[in-house]
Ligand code: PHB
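Consider the single chain below, provided in structure tokens and representing the form predicted alone.
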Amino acid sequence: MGSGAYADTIKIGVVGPFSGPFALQGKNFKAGIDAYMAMNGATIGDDTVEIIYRDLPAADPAQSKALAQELVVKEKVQYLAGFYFTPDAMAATPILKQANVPLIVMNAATSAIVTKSPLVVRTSFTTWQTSTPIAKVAHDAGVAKVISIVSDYGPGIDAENAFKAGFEKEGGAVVEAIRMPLSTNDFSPIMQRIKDSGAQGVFAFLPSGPTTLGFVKAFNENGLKSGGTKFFAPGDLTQESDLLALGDAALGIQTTFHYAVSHDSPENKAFVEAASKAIGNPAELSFPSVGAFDGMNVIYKMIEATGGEQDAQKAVDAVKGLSWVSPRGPVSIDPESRHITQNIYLR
């Protein structure tokens, strides 16, 4: 070529659960990415964008780090993205600086991830963002005593602390706080503890997926719902792809969350149409898809800002303060924390 210009392939490595019990969440990552590329093309200037997926079926920090290293060293990816579980995102952060690669968190929700490296940017949400507002909702519903039940890992502990801070500020009391192992799937003993606690309401956080279905069913089957105990949670517990399985069991649960597939905006209608095509079954569409869609928007901006060259710090600096209208509503990347700023909706 006379101009000296040549086309490069810019590789993005995406780590997520594409098999196993959380495979639907990985499928949503892919649907969001496919939707973005269908709407915006696969080229930026002379560069072609290629996505390389790596499967991490369950939270496994050692395996996460190994996959991230392999993507960087063998596949020569310029960007790392995805990461459904917090421990997996945390595990990948130590390699970013040396690899000169930014990490775009498309789901994992513990606030602290961005503090582990200046090269991390979040396009998902934090558990503090989604768990603080529901405390006011609980108080306004006339509930004075709540029992808090969370999965015992980063986001669960964040959720417990966020709710407690918000609820006590409103004048309510958390009478008991229970942390369950992530592997818990028999919830009957927990339901008994809720009954014994004398609480008028439950605040619960579990990672969305099979466990949340089991928890909600146990809540109903143990007579807590019919006994008038109110149920509050962040929206992970009522993600759209679980609503068919939950059926009437979900009625009455109030959640606060950063996104709903039913969000009424032209941006969301266009997104849902493209993402539904990508996922094949629109009923499977859920919130990780929008974290991935917006994550691609941020990566595309990074690629534009660096002219396709590998410069992680320049890429991250370019999106600090970036604002746009997402399918979830107006969002921006906070220039100080590199968290996403967004609306939270009562559902």
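All of these numbers come straight from a predicted model, not from anything done at the bench. Position 1 is the first residue in the sequence shown; the rest follow in order.
Not pictured, yet referred to below: the form predicted together with the named molecule.
Note on the partner interface in the model of the complex: the residue among Tyr79, Phe271, Phe163, Phe125 having a heavy atom within 4.5 angstroms of the named molecule is Phe125. Only one of Pro207, Gly172, Gly201, Pro133 lies close to the named molecule in the model of the complex, with a heavy atom inside 4.5 Å, and it is Pro207. Looking at 93 to 101, 183 to 191, 139 to 147, 79 to 87, the stretch with residues near the named molecule in the model of the complex, meaning non-hydrogen atoms within 4.5 angstroms, turns out to be 79 to 87. Heavy atoms of Thr110 reach within 4.5 Å of the named molecule in the model of the complex, making it an interface residue. Among residues of the shown chain, Tyr36 is not one whose heavy atoms approach the named molecule to within 4.5 Å in the model of the complex. Although the partner is absent here, Phe287 is a contact residue: one of its heavy atoms lies within 4.5 angstroms of the named molecule in the model of the complex.
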